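Below you will find one chain, with nothing else, as structure tokens; this is the form predicted alone, and questions on how it binds or moves follow later.
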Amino acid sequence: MTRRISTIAALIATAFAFVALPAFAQAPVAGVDAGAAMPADYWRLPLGPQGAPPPEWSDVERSLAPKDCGQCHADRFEEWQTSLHAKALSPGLVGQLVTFDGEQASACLECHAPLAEQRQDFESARAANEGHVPARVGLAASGIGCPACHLRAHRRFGPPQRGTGTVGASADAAPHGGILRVPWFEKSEFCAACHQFSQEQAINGKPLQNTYAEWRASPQAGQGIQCQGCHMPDRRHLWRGIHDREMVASGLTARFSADSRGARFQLTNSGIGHAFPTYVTPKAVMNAVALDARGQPRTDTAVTAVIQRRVVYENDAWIERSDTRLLPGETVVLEILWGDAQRVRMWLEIHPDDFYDHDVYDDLLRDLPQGSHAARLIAEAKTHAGAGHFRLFETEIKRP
């Protein structure tokens, strides 16, 4: 492993250290009280093995594969299949994992394929030099599947009953021993284990992902709006985020205005309960350009405003170059002067995977052996990342 690759590995591995949230009760999962706070060990990563299921259960009840859950929960399975949770063991991740040592790979899998059984399947495939083959990594290929959130020692957990809000255990005679319904399944703390990185690995005082802390300081938290309220509306297993055009647009307010001097594009984080964007990976760019008489952009007039947290590795250390993200309620304004133009075009460009596309993947492709399994996977990931950008709020404004 080259020094550059090992540096990226270290950043990824340390970032996913478990964050202990002090509000959690210290109680074993096996004896959880349905009305109590979330057990401290529910998301203690890495997750322990599920163990042996009751011998009287059917093969489907014993299974940890999401497709088997889908035999009874078809709607949730179909939603999950469209989500990034289902794609968490992506080519870009696997292309890195196959170059890591066991400890580094395990640290990444804690969130990307959390089950102990998934780690075992992936390590077995990697030992056979088949970690790059999706069909050979077994359960790991399902990424963040149903059992990651709902199973502990083959006991099923879920949210309060829809409509009634009832919590507690269902009948033992129900399939797979029933379910224990608990209120903390609908709390933001449930998401924090993977979406709040440790302060110990902070850069310029801020963890690489600080989403839970950002949410706690947001108006949404004060109003009791949890992560699930936006990312799992009506309990749909979608987890839409920065990659989803409609989701991004719904959280922002764009306003355009003009006077004799120029035109302005005002963008406000009006509905996102954390920073926009919350992580170092995405980049948003506000754009404005004057148009010629034929309606074509005059590139020499273009102006931009970048909304991003920019981190780089220099002199054996990670540093923050800039942080122009919008916290809840914050606004940024981009202005373009008319000059001799009569019209301008303005829009917001979203690059969901910018950091990986232009930093991580470029470095890996330079350092990895050409034609290797890892290099092919990273090249595939880079192609996908480059095709993932999209525009919002595109508008043309005429000079008053």
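As the structure is a computational prediction, the values presented were derived from the model and not from experiment. When you see a residue number, it is the position in the sequence shown, counting from 1.
Form predicted together with a small molecule: not shown, discussed below.
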Notebook entry, point to check: Thinking of the small molecule in the predicted complex, which stretch from 102-110, 315-323, 125-133, 290-298 has heavy atoms inside 4.5 Å of it?
Noted result: 102-110
Notebook entry, point to check: With the small molecule left out of view, which of Leu267, Val98, Ala88, Val137 would have a heavy atom within 4.5 Å of it in the predicted complex?
Noted result: Ala88
Margin query: Quick check on Arg162: any heavy atom within 4.5 Å of the small molecule in the predicted complex?
Written below: yes
Notebook entry, point to check: Does the small molecule come within 4.5 Å of any heavy atom of Ile307 in the predicted complex?
Noted result: no
Check: Is Asp41 close to the small molecule in the predicted complex, meaning a heavy atom pair under 4.5 Å apart or at it?
Finding: no
Item checked: is_contact(Ile272, the small molecule) in the predicted complex, heavy atom dist at most 4.5 Å -> yes
